[in-house]
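As structure tokens, one chain now follows by itself in the form predicted alone.
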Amino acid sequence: MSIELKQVSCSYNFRTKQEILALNGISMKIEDGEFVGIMGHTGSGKSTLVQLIAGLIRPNSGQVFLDGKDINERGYDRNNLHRQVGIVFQNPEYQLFETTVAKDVAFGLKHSGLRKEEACERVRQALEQMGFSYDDIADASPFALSGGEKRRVAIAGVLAARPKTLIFDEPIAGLDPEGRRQFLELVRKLNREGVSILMVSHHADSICACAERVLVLEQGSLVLDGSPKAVFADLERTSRLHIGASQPRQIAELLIQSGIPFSRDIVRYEDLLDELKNRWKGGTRCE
């Protein structure tokens, strides 16, 4: 399932004295099965971009296409859009409201047309995908769960609809290192299974660990679009754009500045370890 934006602009308080331009002439295409990281300074337009893709807001100009069809065209089946594209906001646990976990996860399936048995099976599978035992948690109150468990239940509610594209807006904010590791393992697994992933994050390590492509926004414009290695090659540029760099990339740069020839393509810990092992085996030690 492809997603394409053509010259999309979006403002808040449109055509008023308080108008704020959020996105300005964005054009891009995301192919089926991609894992795309979205970065940018606070206020650069990241959340507006993903809300436009999810159909939660409409552009002031330009078009958003899902599989070649304009999602904002009169007569477009918005239910189809919500089945195909799922979005998980920052702190999704705040969206829980049902009396039991099973009811909360099943809420998005109410108007899906599924038989009760099939809907229940989807709820079971979604909870198990998130590491729960259905029998142990289905009847529990979501409000009695820990913060991490609430977040996993909220994500299960999106997974139950089996969307082909999943959008995460700052999903790892507030997670401890272990929670972050578990979440990233989950999204990588979903992507391997064929789900397209769009992940907004300020966390360069996580973006570099998962994404095969990075979009960088600045003041509503798309200023970079490339692989993590290409985007983070120039650290002066990434600093100017307020997106930082992954720790392995920073370590590689420090070694380069110390006079040790090292690759600027290193953005993941695996890349760094491989480079160090190769140098050690080749007799070139960092002394």
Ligand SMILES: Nc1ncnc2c1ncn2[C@@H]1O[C@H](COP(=O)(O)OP(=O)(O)O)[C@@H](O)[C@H]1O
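Residue numbers here begin at 1 and follow the sequence given. Please read these numbers as outputs of a predicted model, since none were measured by experiment.
There is another form of the same protein, the form predicted together with the named molecule; it is not shown, and what comes next is about it.
Q: I'd like to check something about Y12: if you look in the model of the complex, is any of its heavy atoms closer than or equal to 4.5 Å to a heavy atom of the named molecule?
A: The answer is yes: Y12 has a heavy atom within 4.5 Å of the named molecule.
Q: Mark S47 yes when one of its heavy atoms lies within 4.5 Å of a heavy atom of the named molecule in the model of the complex, and no otherwise.
A: Looking in the model of the complex, residue contacts with the named molecule include S47, since a heavy atom lies within 4.5 Å.
Q: Is I20 a contact residue for the named molecule in the model of the complex, using a 4.5 Å heavy atom cut-off?
A: It does: once the named molecule is placed as it appears in the model of the complex, I20 has a heavy atom within 4.5 Å of it.
Q: Hey, in the model of the complex, is H41 touching the named molecule, heavy atoms inside 4.5 Å?
A: Yes, H41 lies within 4.5 Å of the named molecule in the model of the complex.
Q: The named molecule isn't shown here, but in the model of the complex, which of 66 to 74, 47 to 55, 26 to 34, 231 to 239 has heavy atoms within 4.5 Å of it?
A: One stretch meets the cut-off, namely 47 to 55.
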